[in-house]
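Only one chain is shown below, in structure tokens, and it's the form predicted on its own.
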Amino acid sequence: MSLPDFKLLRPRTIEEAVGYLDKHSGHIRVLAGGTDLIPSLRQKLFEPQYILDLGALGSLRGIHPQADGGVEIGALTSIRSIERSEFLRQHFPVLTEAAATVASPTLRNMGTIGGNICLDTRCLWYNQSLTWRKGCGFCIKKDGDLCHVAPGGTKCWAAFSGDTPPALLCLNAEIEIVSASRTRRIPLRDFYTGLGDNYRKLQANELVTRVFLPASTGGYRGVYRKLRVRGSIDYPLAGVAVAIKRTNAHIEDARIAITAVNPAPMLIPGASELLAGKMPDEALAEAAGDLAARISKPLTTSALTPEYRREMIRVFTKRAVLAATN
């Protein structure tokens, strides 16, 4: 499958980059690592007139610990750099665990944290060649008005399948978004819409530039568990991130987030209330698994059955809670 024709733009500054986005809004796609965009271009999911290559923006790379104990991470920082960061491993281990599961070492060298946050949602009916999709009559997410996952429905159920966002949600992350006219900073939990076809609150002329982790979640024990068909390369078909703070033998605070089973990564509501103040044991971990499973709503967006993926959310949550409290 060949790439469509496009004009490549290579800005040297953030200001130049958002200027291009503003000028060519609606006809341009952003290239960071390219690990998801390039295959999508070959599948003719996108046929933009312009590709904005951010490779020269060195100011958006790097992991920068702050004086207060928090950390700033440039959006172009590679997943591999996050995986191998000793600072993040010591203070925000759930993020390094999640980063280590992304694809393969080669793809982690190329992929970026910003790209993983902005990753397009995926579906068995969407991530196919143009010929394949045309034979199925297309879908709500691209060129059609039919949802093959929920026939008769008006909502796109394509699943968000990034590994690092659930870990970032557990860490109360914020992101910086820049356009030609303004800079804003929002909690990551407010970035996603829960809609498969319009899955993020990012305007066509805006760029995610930085990620911030607060000192308040530094030191939380963290675990990430992921279901995939193969032991490498594959996107998650179910993923669970857990971050827990302990005081003596008790759980002081806890966050659980899931991915790949809904159109957005999600913090599990009620997880902290369920776990805080308790002594960790098998029954408590099982209750946390039951809570996470109730929130997950996988549909037939992948080759594995929704029932199996939901059950694995239950199992992974239980295991992750026990691992994070040992």
Ligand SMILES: Cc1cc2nc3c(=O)[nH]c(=O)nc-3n(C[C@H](O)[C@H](O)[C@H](O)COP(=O)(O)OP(=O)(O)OC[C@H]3O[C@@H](n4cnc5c(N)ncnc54)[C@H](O)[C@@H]3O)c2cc1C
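Here the structure is a predicted model, which is why all the values come from computation and not from measurement. Counting begins at 1, following the sequence as shown.
Below, we turn to the form predicted in complex with the ligand, even though it does not appear here.
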property: The ligand in the predicted complex: contacting segment from 108-116, 246-254, 182-190, 215-223, heavy atom within 4.5 Å; result: 108-116
property: Touches the ligand in the predicted complex: D143 (any heavy atom, 4.5 Å); result: no
property: Heavy atom of I73 within 4.5 Å of the ligand in the predicted complex; result: no
property: The ligand contact at A271 in the predicted complex, heavy atom, 4.5 Å; result: no
property: Contact label in the predicted complex: N262 to the ligand, heavy atom within 4.5 Å; result: no
property: The ligand: the contacting residue among L130, C136, V229, I233 in the predicted complex [heavy atom, 4.5 Å]; result: I233
property: Proximity to the ligand in the predicted complex, single hit among I295, L45, V30, I63 (heavy atom within 4.5 Å); result: V30
property: Sequence-ordered list of residues in 85-110 near the ligand in the predicted complex, where near means a heavy atom within 4.5 Å; result: T101, V102, A103, L107, M110
